[in-house]
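In structure tokens, the next block holds one chain alone, the form predicted alone.
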């Protein structure tokens, strides 16, 4: 995608904003800045914009919305409590601060869905993902995954403005500052050309889940042999600490329970995520033909159960877990499953292909889903599982999955307005952060669907705060 060249600027340009990172947090911030008629320089180190957000496949949380079941037409207080519960032991420190961030995240979720729909994004389908008490994760009814749908829609709108300038294949090498104030960034292009931009900075450059030899090795060396859903690239939190930013929760790394093992390259260190909505729509997990967990528990819990088992290999460290779907799930998640089948990550087959013990496990689950039996794992939502009388010839869709490093909960400590704290717990002037580069929002475990939500909530707040800092009023 063509991008506008960035020219060296010799003097400060106080009426322009700089955004580092073109994922959903960066694009959300840019959308708000354009609303205030602020010129934007959006910097992206990858050749194409979108970051990890464009790959998001399960959806974005929001509640209450008109798309949810009618029984959720009023306030969804459980969203806040689900998020607090998911954060776990992390809530014992900075408790009040974390509660404020979580309240901001959940209270603004319905408005985020409304805003995205107003931009032209279809979010009409809702699923209940792991760790959620209610269905609140929204996606569209079409073939485009929710992350790609949101990113392409916002990017198209931004590119229509002459105030929006996108630079790809460039790396921010330094954040400039004086005292406790950020004044700009230094950049190096893919060709090695160095330049400087001046202005307030919104950092939305993502996490460090792909930095296996750097920040992951520093904060979580025990995860060094795990595969990841992230392409190898260094984390950028050190650029913020260089100007005094305070980091929190850096040891809190989410290992997602279901990354596909590609039969063509099963030991690849980079895996493709098996969307959580597959379990949310009714899918089950089997090891040696048997269920072993409530598939709608938190990512952290399911991963813990799997990793207590003997791994199938140690380098990379991975387990052989079967993700099984029936034809009812296929109908509701057809675009996802067709894509996985096309990539060779799932296959259409019959129960007999899973070995002698799987039929009994699936028959029992079918009775549980039909309400004939209680689930001894505690699962209560079965969504679109429709297979009532499984037999060896029953059609299923199956893929092999394993736990994968997926998301980092730690990063720069922010407040509700996306302002960044320094080590003395005071605000750094001229600097905001949003998305996975921040810490304090999710604690020990991020709920599925809350990554995109976090990006929009705190990205938009960063954009508004930056516009106010520049002293420009909305017209």
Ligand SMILES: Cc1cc2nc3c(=O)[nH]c(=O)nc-3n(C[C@H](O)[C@H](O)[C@H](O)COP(=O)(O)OP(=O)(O)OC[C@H]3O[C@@H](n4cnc5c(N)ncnc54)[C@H](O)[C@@H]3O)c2cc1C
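Positions refer to the first chain, counted from 1. Nothing here was measured: the structure is a model prediction, and the numbers come from that model.
Separately, the form predicted in complex with the named molecule exists; it is not shown, and the next lines address it.
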Is residue 258 part of the interface with the named molecule in the predicted bound form - any heavy atom within 4.5 Å?
no
Can residue 294 be called a contact residue for the named molecule in the predicted bound form at 4.5 Å between heavy atoms?
no
I'd like to check something about residue 50: if you look in the predicted bound form, is any of its heavy atoms closer than or equal to 4.5 Å to a heavy atom of the named molecule?
yes
Flag residue 450 as yes or no: does it have a non-hydrogen atom within 4.5 angstroms of any non-hydrogen atom of the named molecule in the predicted bound form?
yes
In the predicted bound form, the residue from 126, 158, 273, 398 that sits within 4.5 Å of the named molecule by heavy atoms:
273
Give me the residue from 368, 248, 351, 170 that has a heavy atom within 4.5 Å of the named molecule in the predicted bound form.
170
Just to confirm the contact call: exactly one of 431-439, 32-40, 416-424, 62-70 touches the named molecule in the predicted bound form at a 4.5 Å heavy atom cutoff, so which is it?
431-439
Going through 44-59 from first to last, which residues have a non-hydrogen atom within 4.5 Å of the named molecule in the predicted bound form?
44, 45, 46, 50, 51, 52, 53, 55, 56, 57, 58, 59
